[in-house]
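Next comes just one chain, in structure tokens: the form predicted alone.
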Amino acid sequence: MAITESALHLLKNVVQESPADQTEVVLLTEDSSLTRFAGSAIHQHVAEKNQIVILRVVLGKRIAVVTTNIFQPSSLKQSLQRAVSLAKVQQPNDEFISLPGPKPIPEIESFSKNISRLTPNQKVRMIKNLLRQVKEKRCNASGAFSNGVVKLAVINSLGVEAYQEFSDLFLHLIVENEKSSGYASFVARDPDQLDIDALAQEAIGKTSKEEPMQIEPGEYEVILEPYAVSELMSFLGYLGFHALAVQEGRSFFVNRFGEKMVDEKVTIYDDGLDPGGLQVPFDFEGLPKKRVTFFERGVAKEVTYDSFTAGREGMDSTGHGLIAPNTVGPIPINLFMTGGESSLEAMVTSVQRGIYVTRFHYTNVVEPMNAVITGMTRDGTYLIERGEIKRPIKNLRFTESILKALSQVTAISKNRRICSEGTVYSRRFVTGTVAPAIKVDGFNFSGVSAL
């Protein structure tokens, strides 16, 4: 059992002894290690162990949530009392139906015992090897290398009991010289899948010794690497792929289900059980993950639900509940875009004059209903002329509708990769987006970035 029997017993006691009409307890433990490096030198080597207990109680239609990281019987009892007291003074939420009841959860393996091999000394050796390769190319490296083990338990008074253990690691790498910079990133559950040499060579390969040229803003053909595509997908998930956004009238899907919204080559879905991604069998309400297809061959199809948004419509949750209190909605966290028939090389060859984009940076929302975002290119932006990557260009600011861009997709790569921003500032729960590279016939760059 991933979580000790005594811990589970303690959580069950909290639920059983609660005077509330309904009670839910979520335990999220973290054993996390982070190594950072900059200027081709390790400058931070830290570790953290913590556990968070989130108590949600329901009195009629009054709901309160209390969080503590003191996992002791007395503290949990006090937190429960505090939650009940808070619930009594809350305004009733008339749209609340109920916490969910139990459903069968598929058994999947989300933990690799190999994660224990990533000791501090081993990680230092791996990073030193990486830095050596970078130094040989007269470049400097910066980035973050993190690994961890997370345990999740969800128990409620309606019979939900769900437990899972997760391992994960991610490595973000930026390589730079006096002229330009390159980027590469890796995420997985098993450290044996990490090829540190290949990652270093990928980032080094994005650098150039040529002075970046400046080009005029405007609309260009673009090749977007999976890093950039995953960013677009994540924003779609946040802005409109979930039921709360639709119910509140702020999703681009409003009144458009069944309509062809993007190119027919584009299929995007969410599936926590797909072994091609970072599998997550159930959500933070203890409900099993269901596959949800947002765009099927370009047509708007479905959105994700948690128990609250599903209850509003008399539907079932799709297993996309996040940690309470959740005001942003049941955002999908296991996004996939279906691969195509092309290769990255073939897509580049087909471009007469365009821009090669490795990734985006500092991206923000401009117009939610049309999925318009703005941001900058970074760490590998190149001019393509007559089917060849010619020379680096100064980073550009873009302002573009993701929906418009996806409606102008002319090729999608067969190969995909898992992309993840990882997390070093908040609760550890690493997720991944599986994305291909895409060619877009028109992408709007609105200015030149100063960075």
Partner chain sequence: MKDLIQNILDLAKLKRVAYADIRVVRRQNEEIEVKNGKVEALIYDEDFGFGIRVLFQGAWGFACSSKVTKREMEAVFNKALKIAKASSRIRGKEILFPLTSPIKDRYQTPFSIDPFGVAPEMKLHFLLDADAILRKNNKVRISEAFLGSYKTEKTFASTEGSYIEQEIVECGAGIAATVIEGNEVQVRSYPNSFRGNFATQGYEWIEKLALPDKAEGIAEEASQLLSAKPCPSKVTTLILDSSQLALQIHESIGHPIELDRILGTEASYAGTSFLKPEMVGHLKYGSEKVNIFADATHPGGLGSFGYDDEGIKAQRVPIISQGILVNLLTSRETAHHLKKKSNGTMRADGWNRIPLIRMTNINLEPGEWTLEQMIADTEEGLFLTTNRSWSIDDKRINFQFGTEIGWEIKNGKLGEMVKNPTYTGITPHFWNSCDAIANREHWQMWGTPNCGKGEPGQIAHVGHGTAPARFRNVQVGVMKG
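Positions refer to the first chain, counted from 1. The structure presented is a predicted model; accordingly, all values stated were derived computationally and were not measured.
FYI, the form predicted in complex with its partner chain isn't displayed, but the following is about it.
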- line: Residue within 4.5 Å of its partner chain in the predicted complex by heavy atom, from T207, N156, S79, S185, is S79
message: Using a 4.5 Å heavy atom cut-off, which residue among P226, P281, G143, P191 comes into contact with its partner chain in the predicted complex?
response: G143
task: Find out whether any non-hydrogen atom of I42 is located within 4.5 angstroms of its partner chain in the predicted complex, and reply yes or no.
output: yes
task: Answer for E385 alone: is it within 4.5 Å of its partner chain in the predicted complex, judged on heavy atom distances?
output: no
field: Interface membership of V448, its partner chain in the predicted complex, 4.5 Å heavy atom rule
entry: yes
message: Against its partner chain in the predicted complex, would N121 count as a contact residue? Criterion: heavy atoms within 4.5 Å.
response: yes
task: Counting only non-hydrogen atoms, choose the one of 298-306, 319-327, 156-164, 340-348 that falls within 4.5 Å of its partner chain in the predicted complex.
output: 319-327
task: Select from 366-380 the residues with a non-hydrogen atom within 4.5 Å of its partner chain in the predicted complex and write them out in sequence order.
output: V366, E367, P368, M369, N370, V372, T374, G375, M376, R378
